[in-house]
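The data below hold one chain only, encoded as structure tokens and taken in the form predicted on its own.
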Amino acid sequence: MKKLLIASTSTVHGKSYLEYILPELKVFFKGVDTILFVPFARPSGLTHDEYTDKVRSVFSTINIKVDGLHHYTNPIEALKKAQGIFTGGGNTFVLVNELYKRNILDTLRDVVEKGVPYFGTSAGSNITGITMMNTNDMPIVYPPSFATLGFLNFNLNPHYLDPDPNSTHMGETRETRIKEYHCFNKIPVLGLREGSWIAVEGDKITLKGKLKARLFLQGKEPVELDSGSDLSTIEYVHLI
């Protein structure tokens, strides 16, 4: 049975890295001794080792060890043996390109489908949708495909921002961009605000956190969904 915790972000204002969601992670990874960290989304600022160390320092506070997937010469076997998995944020194009290049996307999907708990933030959350096409990231590399893990029946727009009525910025809003997407694509999109996350237990998908999420459907006005909403009812027939 699938078990996922899909967060909009790793860090909220006034809190340190993963601090706001650490109580949830302690429950989510209960019984897990070691998680496998996927650091491939980070193209700059931190090396894979430094990124893994950052994650390791946080998870040590809840007595969970962290191994970096980049350390394994056989990443497919490492994924198959993982007790739990965390894919961190960064650039979604870079992350997806690396998953395809290393030929591990299908294995990652398979082990999570079989019940290995999966935690994602930002780019690591983007890839749980049908495609990565609603990322906010710049396309700095070109992955072989935009198709991703398909654990959700919709796509995600993490870090979703509402228009600021006091701003003088005249550029496109997130809502405008998503509506542009729906001019050519039918896949529903969930705008996930900071500090919110999605819990998946088998076929049950639930919005969590203090804030509402904004659901976009092709040809319809966006709808605000309360925390606790059942997202399993979002309908879209697709093939992976």
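Numbers for residues come from their place in the sequence shown, where the first is 1. Throughout, rigid core stands for the largest set of C-alpha atoms superposing within 1.5 Å between the two forms. Note that the structure is a prediction, hence the values are computed from the model and not measured.
Below: the form predicted together with another copy of the chain, not depicted.
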property	result
Answer range among 209-217, 42-50, 24-32, 55-63 for contact with another copy of the chain, defined in the predicted complex as heavy atoms within 4.5 Å	42-50
Any non-hydrogen atom of residue 11 within 4.5 angstroms of another copy of the chain in the predicted complex	yes
is_contact(residue 151, another copy of the chain) in the predicted complex, heavy atom dist at most 4.5 Å	no
4.5 angstroms heavy atom contact with another copy of the chain in the predicted complex for residue 115	no
In the predicted complex, residue 85 touching another copy of the chain (heavy atom, 4.5 Å)	no
Whether 140, 157 and 180 all lie within 4.5 angstroms of another copy of the chain in the predicted complex by heavy atom	yes
Position in contact with another copy of the chain when the complex is considered in the predicted complex, options 78, 104, 133, 111, heavy atoms within 4.5 Å	133
Post core alignment: residue 45 C-alpha displaced by 2 Å or more between the shown form and the other one	yes
